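For this one, two forms of the same chain are given in structure tokens, first as structure 1 and then as structure 2.
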Structure 1
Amino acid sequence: MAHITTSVEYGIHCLLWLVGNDNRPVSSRDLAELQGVSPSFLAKIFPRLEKAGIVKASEGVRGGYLLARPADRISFLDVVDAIEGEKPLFDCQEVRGRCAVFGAQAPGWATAGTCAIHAVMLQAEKAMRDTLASQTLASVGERFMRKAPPAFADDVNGWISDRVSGRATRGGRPARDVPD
């Protein structure tokens, strides 16, 4: 896992809006507008989430995205890996063998085994991955909803319902940012 980008942050926020929304599809365009981000930005994220089996798409005027499995079975690590790929946190360049004192060839003792710096980075990456794997959309969604005023979820669901109804009454435009 390389640097965790804003794509992951927005992806997780979008997925949290899909938790507990009565299994109604939500378009990536609506999710983008809800969060004040470009629809084209989210249109790049959702195919990755779909490919990873985190969301599934439904077509049509009232189409959009749904969680593909229960929120308690989707970890933050699943989302990070889906969006960023499974890249290492640290890319060891074996700097230890390039010391000027060694001349043209580093002695075996200098490069034998895992680099001590790399070992620390591997340990840190394991701890981060373990933490991300232990947090699910359901658990974080519950914490968020305990913090938010009770009416907030109703306000968001009403906003989404109004958007979907508006598309249906206007004759519909594609609900997702991908071809039907």
Structure 2
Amino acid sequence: MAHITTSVEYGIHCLLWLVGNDNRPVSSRDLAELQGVSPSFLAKIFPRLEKAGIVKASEGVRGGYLLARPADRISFLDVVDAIEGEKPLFDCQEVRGRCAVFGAQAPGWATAGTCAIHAVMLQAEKAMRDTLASQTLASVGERFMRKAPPAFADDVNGWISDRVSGRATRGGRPARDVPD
């Protein structure tokens, strides 16, 4: 896990909108437009969340994504690992074994176990991962919504419903540009 990427920011922001949405799948395109980010890019992120068992996908028209488990059992660490893959914070090149006083072959004691320096990095990585694991979509979502006026969540839900029904029930409202 090196450098938490923009994909994670997009992903978590999307997932927060899915909290509490148990029976209406939302498409990645709608989530993208809701947040003003690239639909193509978001479309690359969600399959990873699906493979990790964080969201469930339903295919076909009016398909989309739902959370696969309750929001209080989805941690930030789950999402980060799902999107970025488990890349280490630090990858050791084993320089300790190349010390010139060893000659060609380093003695066993020099390369046994984990290098003391590497150990510190692993400890730092663990501290970071523990922090991420301690935060769930539910807890952060609650904190996220506390700043917004009470009507905001309804506004967003309404926007999503408009989006879906606007396309599927009437053929109109192309929602792209090209108004004429």
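Throughout, residue numbering runs from 1 along the sequence of structure 1. Predicted, not measured: the structure shown is a model, and the values here were computed from it. We call the rigid core whatever largest set of C-alpha positions still superposes within 1.5 Å between the two forms.
Q: Specify the structure that is the form predicted on its own; exactly one of the two qualifies.
A: Here the form predicted on its own corresponds to structure 1.
Q: Among 52, 89, 140, 62, which sits at the hinge of the chain's rigid-body turn between structure 1 and structure 2?
A: Checking each of 52, 89, 140, 62, the hinge one is 89.
Q: Rounded to whole degrees, state how far the smaller rigid part rotates against the larger between structure 1 and structure 2.
A: Rigid-body rotation of the smaller part between structure 1 and structure 2: 21 degrees.
Q: By how many angstrom is the Cα of residue 21 displaced between structure 1 and structure 2 when the rigid core is overlaid?
A: For residue 21, the alpha-carbon shift amounts to 2.9 Å.
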